[in-house]
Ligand code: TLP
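Here you get one chain, nothing else, as structure tokens; it is the form predicted on its own.
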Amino acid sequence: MKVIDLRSDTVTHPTPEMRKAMFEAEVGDDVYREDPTVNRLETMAAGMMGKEAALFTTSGTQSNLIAVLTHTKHGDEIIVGDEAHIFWYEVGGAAALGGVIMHTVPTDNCGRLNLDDIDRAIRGKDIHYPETTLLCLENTHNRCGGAVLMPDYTDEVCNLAHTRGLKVHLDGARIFNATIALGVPAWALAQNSDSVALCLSKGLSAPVGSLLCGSKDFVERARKFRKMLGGGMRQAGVIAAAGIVALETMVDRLAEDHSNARRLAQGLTGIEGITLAQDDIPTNIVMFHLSPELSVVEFVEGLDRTGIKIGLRDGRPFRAVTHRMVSSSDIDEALTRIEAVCRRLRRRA
């Protein structure tokens, strides 16, 4: 029985082309900036994001943390959405290591922060207040079901922040999912942000890595923080080579993941005991609820026995993420197994 893993697009494996590129990669010491493969990847990513420079990091979490460290100083305050990945899933690194306060504002179902809420959250000049120096956005938005921020909205937020003297960092871990959903280039989603982070290891299928992009000055300062955090990876071209293949070959195929997500969502709506937790499926994340009369524990156990892995966090809807390792026929098979589990649970309820 094939295991169908829908927990996250981070479970994707590198493609044969990536493995070959990794084996053949030309390398050097990246801390000395002598790794030609890393240099090529950084140049490529910066160009795609419309930025002057880029820095290869180990993960999206490291990219986000480096961005915060670079844009702020100890005692500053940053504004994030109350559903932001930086706030929920990055171990409080911005506070613990950056010494900054995270001021949360409400996030709507589409991953947006209200401009009036942002404006009110920005501190005035007062001896009693920390200085507000950074605003963080997220596109696509993880906890909002892969919601996509529109370019005009991002531009509005950036204009407000810049007018008030703030920098803007865009957590674009899945930004290429947004570009595919909207049919626009990545730079159009990041052009007014001061920095943007993107992940190679999710839907793009590279085994590891993220890129933090911004101005040359920003990246120079960020490079030192990367070293401080232990991110000087020496002959990193071995993994950067997979990232180059990811950017060259894996972006357009994300449309398949989006199609499979819609296929999954449509099938789930036909299963008694399941309701979708989102109005539409913009990218590759599907969130759904189980009827109260059905046991969540037994549902998860039933899925596990039938070879289906789905994400669940306390107090949150179930989450299923489509990716390269899951085909359309796998989606159909997953729906068959999920329906069988629900049918058994309904008999016991």
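What you are looking at is a predicted structure, and each value in this text was computed from that prediction instead of being measured. Each residue number is its position in the shown sequence, starting from 1.
Absent from the display: the form predicted together with the named molecule. The rest refers to it.
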Heavy atom to heavy atom, is R223 within 4.5 Å of the named molecule in the predicted bound form?
-> no
Is N64 a contact residue for the named molecule in the predicted bound form, using a 4.5 Å heavy atom cut-off?
-> yes
Would Y89 show up as a contact with the named molecule in the predicted bound form if we use heavy atoms at 4.5 Å?
-> yes
Taking heavy atoms and a 4.5 Å cut-off, does R174 contact the named molecule in the predicted bound form?
-> yes
So, G60, N142 and K202: all three within 4.5 Å of the named molecule in the predicted bound form by heavy atoms, or not?
-> yes
Listed range touching the named molecule, judged in the predicted bound form by heavy atoms within 4.5 Å, from 166-174, 211-219, 245-253, 186-194 | 166-174
Residues in 313-345 with any heavy atom within 4.5 Å of the named molecule in the predicted bound form = R313, R319
